[in-house]
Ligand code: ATP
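Taking the form predicted on its own, here's one chain by itself in structure tokens.
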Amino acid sequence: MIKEVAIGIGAALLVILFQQGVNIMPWFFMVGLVFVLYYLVGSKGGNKSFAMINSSKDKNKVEKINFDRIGGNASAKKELLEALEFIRNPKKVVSMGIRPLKGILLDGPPGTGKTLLAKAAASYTESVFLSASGSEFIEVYAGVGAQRVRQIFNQARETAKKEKKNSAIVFIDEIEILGGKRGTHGSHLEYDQTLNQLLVEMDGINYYDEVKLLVIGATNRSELLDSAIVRPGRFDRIVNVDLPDIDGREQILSLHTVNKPLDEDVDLKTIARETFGFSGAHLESVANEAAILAFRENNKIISQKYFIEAVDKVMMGEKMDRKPDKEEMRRIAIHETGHALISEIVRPGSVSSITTSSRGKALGYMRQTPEKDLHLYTRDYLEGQVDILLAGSIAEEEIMGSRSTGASSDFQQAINITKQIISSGMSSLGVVSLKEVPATMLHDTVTKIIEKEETKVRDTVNRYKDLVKEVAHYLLEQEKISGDKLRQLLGVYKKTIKVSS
């Protein structure tokens, strides 16, 4: 109403001035300039409305997320639930003399459920939940970022009062964009001003305010955060949201398949074992892709074979239509069989399957199933991984007489693992820093380790050369071989060797 009256008065004034013979062109220019400034600063900065989830206005639009619907990450949920008790039981907190937490930082790889945990926290505490990304606070216009920080805190308080709630949660995803180390953005001080405003707002959070505020940040790059934002009194608690272990993966799969018609042969424990290193988002995609594969073949139930196929698809991509020629296919089969042979010898039972099907950028691949999730690695284990990586190209060389470019990524991974051996103090150099080791010395040490492993792998491949040829021939005919079938052939071959010797 006020805007319309002002526009009317302005238009009338311009008409009067025009009738009096006054040059109104400068006035038009000034009005246009004010309008542009209002649009750039006011519209883009001052009128920002942040996403609100689980609000009373959208109960029918957004389904609430509860902690019992989030699989894995038991330790992260435990730490978060403990922090949320400060909102749920304020009297008990005061009686114990506890200073409530102002902020919680969720740190972990992408797809591990950090946003879901924040949403569940809002549902658990019955709080107003405002969500924003760190990039929403950064603009090229000076002061806009700081204004938006003030705005999201004010919006949280006002919304909580309107909905008659005594608490609100402000969730900032990708907070490293907003809270990055100051002084690292060159002459662009907008980042620093925005971070300073966030620090001021968090310092101003008072537990005795009418609306209790809790800030939850999420990041997968915690090393980029400014030290001032992660100190006690701001983000008081850092909760690590790691990739799920085998039990966590099974739990996540069970949650994502509860609404799907599964066949009796589906074994989620086996699928969990096959998906080492998968995040919750990957596992949800596996369940979804398995259902899509069954739907594609007009099946009303989802069997185990679809889940196995879905794991390959999520890991490597869709099957490619282009087929290599016969000679290339034989080289690929020998290459992947070399990987699988050494994998079974180094760690029996580790091969899940071998295939010559082209997926993504891979012309073929061997998939391993780790016996258990490891967090620490010995030199023997790392050397075994190097052996597996080198085995493909060595099998090509020993059977086909030459290597190919298909092993370039294997070699790069082998070099990285070898450097890990050196940096961990497990090489002849002893305890060293990779940054301070001369380049020639580092190169010589890496070469020495890899040459030693190459000799070991070459001897093994030559000993099992006939088996490699047999498995490769099987792959050329069937396109895929299971780990169980490979182990069966390997067992028969070992007996043959003993009899002939």
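Predicted model, so just to flag it, every value in this text is computed and none were measured. All residue numbers are counted from 1 along the displayed sequence.
One more form of this protein, predicted together with ligand ATP, exists but is not displayed; see below.
- In the model of the complex, ligand ATP lies within 4.5 Å of some heavy atom of residue 220.
- When ligand ATP is considered in the model of the complex, residue 468 lies well away from it, no heavy atom lying within 4.5 Å.
- Contact between residue 273 and ligand ATP in the model of the complex is not found at the 4.5 Å heavy atom cutoff.
- Looking at residue 70, you'd find a heavy atom of it within 4.5 angstroms of ligand ATP in the model of the complex.
- Checked against ligand ATP in the model of the complex, the residues 111, 370, 233, 90 give one hit for a heavy atom within 4.5 Å, which is 111.
- For the residues 136, 396, 284, 201, the 4.5 Å heavy atom test against ligand ATP in the model of the complex is passed only by 284.
- Heavy atoms of no residue among 344, 385 and 483 are located within 4.5 Å of ligand ATP in the model of the complex.
- The chain is drawn here without ligand ATP; in the model of the complex, the stretch among 346 to 354, 193 to 201, 113 to 121, 260 to 268 whose residues come within 4.5 Å of it by any heavy atom is 113 to 121.
- In the model of the complex, the residues of 245 to 259 lying within 4.5 Å of ligand ATP by at least one heavy atom are, in order, 252, 255, 256.
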